[in-house]
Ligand SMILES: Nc1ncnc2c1ncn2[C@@H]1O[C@H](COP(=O)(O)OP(=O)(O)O)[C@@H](O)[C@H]1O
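Given next, in structure tokens, is a single chain: the form predicted alone.
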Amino acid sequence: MSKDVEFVVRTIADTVLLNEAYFSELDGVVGDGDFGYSIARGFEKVLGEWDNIDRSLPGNFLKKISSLIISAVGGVSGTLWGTAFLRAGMVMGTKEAITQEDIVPMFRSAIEGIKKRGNSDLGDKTLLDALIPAVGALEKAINEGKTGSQILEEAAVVAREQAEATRPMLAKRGRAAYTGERSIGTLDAGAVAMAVLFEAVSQAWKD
């Protein structure tokens, strides 16, 4: 299943670069407008180094992705995305292959890392508002014995619904929090990015 990890990371990287302007535009409504630019630089570095990344173990691969993102992206975005990949890699440790049983623990560890680093949680109008429910849907679909395509599709649907549900929320973290009430009625760029990424991976998996 190690090739699957490469496939997912590659899809994420390509999708982030494709949506750089869109993510920044969303972030520009109440944030500082650099979200898309920041994470795109991280994944640009990942793609630039793609052929040189250590693939000996899935954990090593994910940890290297983390260090590349952190080295290329300043500020909070680099820390949060880097932490997510690092935490997922740490869960894998020295295991030689990822199994379906590893997926949810990897996501849960990544979520805990993001919460800690970003001092944020569900309801703060951040990417966690789409990511946490999507992982819940992922876990439910896995437990129900669904196929890979079904699992990803269900997670993508929930990620999109919950990203849309950030619109009436008041931002409590990041630059958007400084705008107070003005953040109400806007979509959170990070949550929308999560929805877009889940949808892209789901579609790519089907194809």
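Just count from 1 along the sequence shown to find any residue number. Fair warning: this is a prediction, and the values are worked out from it, not measured in the lab.
Keep in mind that the form predicted together with the named molecule is not shown, yet the notes after this line are about it.
G118 is the sole member of G89, G118, G82, P133 with a non-hydrogen atom within 4.5 Å of the named molecule in the predicted complex.
Think of it this way: in the predicted complex, the named molecule has a heavy atom of just one of E164, E49, D32, E139 within 4.5 Å, and the residue is D32. Under a 4.5 angstroms non-hydrogen atom cutoff, the named molecule in the predicted complex lacks S109 among its neighbouring residues. Among residues of the shown chain, I114 is one whose heavy atoms approach the named molecule to within 4.5 Å in the predicted complex. For the chain shown alone, A195 is not a contact residue for the named molecule in the predicted complex, no non-hydrogen atom being within 4.5 angstroms. The closest heavy atom approach of R173 to the named molecule in the predicted complex falls within 4.5 Å. Although the named molecule is not shown here, in the predicted complex the stretch 61-94 places heavy atoms of V76, S77, L80 within 4.5 Å of it, in sequence order.
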